[in-house]
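First, one chain by itself: the form predicted alone, in structure tokens.
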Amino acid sequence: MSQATATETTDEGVIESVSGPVVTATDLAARMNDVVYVGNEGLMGEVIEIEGDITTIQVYEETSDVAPGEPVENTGEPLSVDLGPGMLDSIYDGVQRPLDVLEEKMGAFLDRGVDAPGIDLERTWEFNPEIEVGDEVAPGDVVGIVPETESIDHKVLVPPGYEGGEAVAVEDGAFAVDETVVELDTGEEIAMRQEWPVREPRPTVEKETPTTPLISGQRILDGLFPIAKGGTAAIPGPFGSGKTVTQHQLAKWADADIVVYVGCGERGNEMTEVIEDFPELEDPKTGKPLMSRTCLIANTSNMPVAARESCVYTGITIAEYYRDMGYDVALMADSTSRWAEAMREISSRLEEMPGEEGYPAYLAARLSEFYERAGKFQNLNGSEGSISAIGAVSPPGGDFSEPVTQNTLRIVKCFWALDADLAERRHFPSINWNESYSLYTDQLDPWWRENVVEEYPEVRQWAVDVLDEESELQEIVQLVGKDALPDDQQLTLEVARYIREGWLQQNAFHDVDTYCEPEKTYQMLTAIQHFNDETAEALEAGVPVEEIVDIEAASKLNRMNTQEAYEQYIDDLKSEITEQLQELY
């Protein structure tokens, strides 16, 4: 966390009142969003309102025992993060304090007022220059490479706010992050460490239209509702419907270069699971530990509410920094509802006019500001990078009409609606295929055609049509029963059942089924389509529907997902289906 020290404070005020995380002070010369230290213990806070001589501060720590009359010191700097080598394979709280470092100092429970830099200022890194003396550099240019982890090369950039110029000194070797590695003729010195205000987006040249899917290995997402690299998605669902597990799967398997996982107000046991699981997971792309390309921000429900409000900004700023290097970043925010609740609590403490359900009137604007920082961008140095933002939403009682879900829906282009009924039936991922949608489908179709198979969009559309028809038929079935339907419609229900149970259902805890590559996703669906076509021919030939659906090969459609050698299995299965049906007529 980059903060000014007490010796750099610009002014000092006095606490007037304390209301939970909201503190008011007088006689404090400050600007909006300045970081301040509150009380005798020096609790960190941020200026959120200035009215006359009264300055309102949100404090990022528990404020019990803080009393009026205690001092408030202003740093004169906005809430910022430390950016540089060492962020990957790290676990931070909402204001980028390294939890593993602080745990070594004081154990599992942190004392108030403690602090530590976001990256280790003493550790040395091997700096390998990419430029020579005499080269001209501009803001955003890569001046050197640091092997940050086994998987990721950290690119040292000219900070966006610099003027740039000709390199007059270029170092090579091991340096601490604050040491100068490149000096310019303008007098500017470049180190491996940067600072950036979390509420200010990092600059880019242009925001582009994303045309490449973020492959997740989850059949219902890649198959029916794909998200683009640089896209935005929401996963709303009630308690126990699988939001967190779905985000875990995306974090583990999505083909992004960097993963930033923000646990925003979630239960401690869920974040514990992430923290315990991720170091043991092997990255399928490199064979290295998954944590070597992951940054975790853990701000659990028992942590101060104000830090929860800032943690999503900390996460997106870290994501933007790696995007500037030309990497594809996947940002998981779990959950934005807890973030919105933190805003609601602080807003009520400020006695602001409430909006719908007590949320602040600026809820939609804050959500938009967050999701709009995602996208595919052309960076200052000419490279391309992306941030895919995937936010979980926890509507009370699964009510999708509540304000956070509705305002999120207006912004994101992927909607993965989790269904409590599906979860109760143990159908996971419990994404409701009738309510979910993706607005990226058309712009991603050329990629599927070129990189998987030409017929991919057509086969997907066939599956969508079958599921839509099943939904309509289920209304009739509930009234008159399945046996009252014509034979062809009974077959449609059977085919739809195999799509649901054999294709859409996926076991996140099965060694083989946890990840399904796009080719396998397509091949499995073609096997069910083959079953559909062959059974239709058998029905035309006069074979009773009861005999058609009872063939032995049909049950194997539900076992395709667990086959490692799936290509041979599916080829053999198609042949068996054809042979067994032809024997009936």
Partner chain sequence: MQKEYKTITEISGPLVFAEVDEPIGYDEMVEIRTPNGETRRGQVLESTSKFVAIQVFEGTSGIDRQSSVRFIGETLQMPLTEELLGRVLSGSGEPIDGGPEIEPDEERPIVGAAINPTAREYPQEFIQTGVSAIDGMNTLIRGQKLPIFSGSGLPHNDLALQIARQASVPEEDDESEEGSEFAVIFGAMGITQEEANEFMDDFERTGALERSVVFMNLADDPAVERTVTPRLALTTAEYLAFEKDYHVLVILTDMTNYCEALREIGAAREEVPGRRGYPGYMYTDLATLYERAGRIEGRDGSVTQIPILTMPGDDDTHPIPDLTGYITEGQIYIDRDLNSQGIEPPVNVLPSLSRLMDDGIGEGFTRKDHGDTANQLYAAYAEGEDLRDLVNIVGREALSERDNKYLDFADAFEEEYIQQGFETNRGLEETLDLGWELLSRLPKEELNRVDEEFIEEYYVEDESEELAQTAD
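Numbering follows the first chain given and starts at 1. For clarity, every value in this text was computed on a predicted model and none was experimentally measured.
Here the subject shifts to the form predicted together with the partner chain, a form of this protein not shown in this document.
A.B. asks: Should the three residues Met303, Arg308 and Asp483 be counted as contacting the partner chain in the predicted bound form, with contact defined as a heavy atom within 4.5 Å for each?
C.D. replies: Every residue of the spot touches the partner chain in the predicted bound form.
A.B. asks: Given that the partner chain is left out here, which of Gly382, Gly173, Pro354, Gly161 has a heavy atom within 4.5 Å of it in the predicted bound form?
C.D. replies: Here the answer is residue option Pro354.
A.B. asks: To verify the annotation, which of these, Val452, Val464, Leu493, Leu102, has a non-hydrogen atom within 4.5 Å of the partner chain in the predicted bound form?
C.D. replies: Filtering the options by heavy-atom distance leaves Leu102.
A.B. asks: Considering non-hydrogen atoms and a 4.5 Å limit, does the partner chain approach Val66 in the predicted bound form?
C.D. replies: Output for Val66 is yes: heavy atoms within 4.5 Å of the partner chain.
A.B. asks: Applying a 4.5 Å heavy atom distance criterion, does Glu424 contact the partner chain in the predicted bound form?
C.D. replies: Heavy-atom contact with the partner chain at 4.5 Å: present for Glu424.
A.B. asks: Applying a 4.5 Å heavy atom distance criterion, does Arg497 contact the partner chain in the predicted bound form?
C.D. replies: Yes, contact at 4.5 Å.
A.B. asks: If we define contact as a non-hydrogen atom of the residue within 4.5 angstroms of the partner, is Glu270 a contact of the partner chain in the predicted bound form?
C.D. replies: Heavy-atom contact with the partner chain at 4.5 Å: present for Glu270.
A.B. asks: Can you pick the stretch from 181-189, 230-238, 511-519, 201-209 whose heavy atoms fall within 4.5 Å of the partner chain in the predicted bound form?
C.D. replies: The contacting stretch is 230-238.
A.B. asks: For the stretch 307-342, which residues lie within 4.5 Å of the partner chain in the predicted bound form by non-hydrogen atom distance?
C.D. replies: Arg308, Arg338, Glu341 sit within 4.5 Å of the partner.
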